[in-house]
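One chain is shown next in structure tokens, namely the form predicted alone.
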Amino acid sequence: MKTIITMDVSQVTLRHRLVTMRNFLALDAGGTSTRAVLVDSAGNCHGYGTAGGGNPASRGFGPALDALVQASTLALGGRPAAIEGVLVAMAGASLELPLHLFQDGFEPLGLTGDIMIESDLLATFYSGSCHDEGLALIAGTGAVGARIAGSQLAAVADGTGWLLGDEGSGFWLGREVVQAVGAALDGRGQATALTELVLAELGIAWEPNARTQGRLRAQQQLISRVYEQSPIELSRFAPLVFKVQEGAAQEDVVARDIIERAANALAQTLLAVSQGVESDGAAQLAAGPLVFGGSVLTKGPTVAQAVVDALRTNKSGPGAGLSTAIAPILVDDGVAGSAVLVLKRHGIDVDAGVFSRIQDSLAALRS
């Protein structure tokens, strides 16, 4: 009696490539989600996996490492493979992390080389470009800008957290929204369509004649429910300003003002890290591509365009009188950039062809 053995051709092809090529794992570790990709030295991405937050600063080391390993295991298709190196991009990459514990976690997956920790700023930049010079601006929950030179961070501005900065970030926008609503409710500020949306978001009924000790009951409930949250949770209100600005039949003056101030703050962050050079009497942004990341800049054109407009019309501070053609590259996350970085850090030239293969093969895996 003959035994018939069947094999998945795609799995055989993948295992052959993994044997014949240099292989690496690249991860983009955020506070809420982690993305991992298996990439070879030619820029072909063979596997992709996701998991929960993988940043030790926000999750704790144990849960973060579990998420990194889980995403990587999925990228490997559930089976160990010969991995020459692992690169993890995350915020707070400058922290002193126990790399030997990372090593212990990845060795069962087939790691034979080293673990590298890089900044999420670099990963975001390299998700949009393979050049080694340029600028990156991220505005998600926080906000930070960077100038990249020689494949390293040459200058960084903001990213200082909700108490010291993060101007123009999701947190900043959310705080401005609830402050505007609080002012509108008691007459200190202009009426705005944001009021109805914020009250609905918090489950507060609007009763214009209901007062307690002279204060509107709706405002008293707003105060209580906002202060029940941690400050960073105010970012949940940021999308409301875009909803009002983009959906209103008539422009909401309050929402427009918040967006314009956010854009000006982000433009100043970017200009602060740029090496302005004079050209015919007008300051220019540093040479190289400009990459935008983070949901505030990428989930809608409003703030991104406003930042570009603010850069063009800046009249004070670094880069005053800016006159340049600005066309930012928008990226959703840093996983492609992590793949670029892991190859660069292992001495592999990432030219336009390799960069294109990374982007195309990763997009195919994610779809």
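Just so it is clear, the model here is predicted, and its values are computed rather than measured. In this text, residue numbers run from 1 along the sequence as written.
Another form exists, predicted together with another copy of the chain; not displayed. Remarks below refer to it.
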query	finding
31, 91 and 306 all contacting another copy of the chain in the model of the complex, non-hydrogen atom within 4.5 Å	no
Another copy of the chain contact in the model of the complex: residue 206, any heavy atom under 4.5 Å	no
Any non-hydrogen atom of residue 251 within 4.5 angstroms of another copy of the chain in the model of the complex	no
Partner proximity in the model of the complex: residue 119 to another copy of the chain, non-hydrogen atom cutoff 4.5 Å	yes
Close approach of residue 112 to another copy of the chain in the model of the complex, 4.5 Å, heavy atom	no
Residue stretch of 125-133, 77-85, 99-107, 224-232 approaching another copy of the chain in the model of the complex, non-hydrogen atom distance within 4.5 Å	224-232
Heavy atom within 4.5 Å of another copy of the chain in the model of the complex - residue from 200, 191, 154, 210	154
Heavy atom within 4.5 Å of another copy of the chain in the model of the complex - the one residue of 240, 178, 263, 218 that qualifies	178
